[in-house]
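First, one chain by itself in structure tokens, the form predicted alone.
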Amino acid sequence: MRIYPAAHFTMGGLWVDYHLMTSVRRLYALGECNFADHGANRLGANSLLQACVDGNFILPATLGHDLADVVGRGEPDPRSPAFAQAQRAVQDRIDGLMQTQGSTTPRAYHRRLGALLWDRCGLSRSADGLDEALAHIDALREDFDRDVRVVGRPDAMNPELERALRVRDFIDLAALMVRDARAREESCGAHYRIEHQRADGEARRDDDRFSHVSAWQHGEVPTHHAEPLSFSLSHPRVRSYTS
């Protein structure tokens, strides 16, 4: 297995219990999106192992545990207002994509977005590059909404429609990633800002301002929330590759 630095190694992961449930009841994080087995790092075969372990051993127990809680309660009522609202929202998205009839495939937008993040929000970032990335992502979103072309039918199995839905979500997620990277004025972990380095090229952290967990609240303009981190037994230390 050839392993090299990539955006795949973004640090993070959701807290889960032994059934892979997050802190939100009945919201489960399966595979690489949690940090159950290997902490916050995603290093080559470790991430593959996490996906295999969750899929083969934990997921069956997770589903059984979850379903046991609802057995005998009857099926959800599809006529409920919440069901109808969710159905309308999904149908509106699908209709919008199918009716655009532009000239660019979802795959093309996916590649453009990937190249943009690779160049400007990879392991090494800069304030100027991140500002440019955010502007380019906004333009890419507008272009996608205006010129995407989804072939096939909406009422049958349609991989292109599925890809279009996912890529549109990826664009919004990319904007959030860049916004978060721009807000963190330090170098730490997989986040290396070229403006924040020592004379020898090592990362310069700022624990006084950024020793916290960032959470962004969804909205037209995302709202940043910071949960402070406290350390009692083991305190953060600078990782140096030159000394």
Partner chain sequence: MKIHLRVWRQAGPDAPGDFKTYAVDDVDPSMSFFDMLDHLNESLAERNERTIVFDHDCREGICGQCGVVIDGRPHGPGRATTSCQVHMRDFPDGATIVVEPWRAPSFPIDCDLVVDRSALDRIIEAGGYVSVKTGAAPDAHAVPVAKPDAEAAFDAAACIGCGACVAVCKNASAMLFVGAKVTHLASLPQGRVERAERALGMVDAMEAEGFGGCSQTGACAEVCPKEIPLTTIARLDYEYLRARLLRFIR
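Treat the numbers as computed from the prediction; the structure is a model and nothing was measured. Numbering follows the first chain given and starts at 1.
A second form of this protein, the form predicted in complex with the partner chain, is not displayed here; the remarks below concern that form.
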Would you check, heavy atoms only and a 4.5 Å threshold, whether R149 touches the partner chain in the model of the complex? yes
Is R88 part of the interface with the partner chain in the model of the complex - any heavy atom within 4.5 Å? no
Counting only non-hydrogen atoms and a 4.5 angstroms cut-off, does P60 reach the partner chain in the model of the complex? yes
Does N56 reach the partner chain in the model of the complex, with heavy atoms at most 4.5 Å apart? yes
Only one of 133-141, 120-128, 104-112, 72-80 has residues with a heavy atom within 4.5 Å of the partner chain in the model of the complex, and that stretch is 104-112
Neighbours of the partner chain in the model of the complex among 206-229 [non-hydrogen atom within 4.5 angstroms]: none
Which is it in the model of the complex for the CA atoms of R166 and D66, closer or farther than here, knowing they shift by 3 Å or more? farther
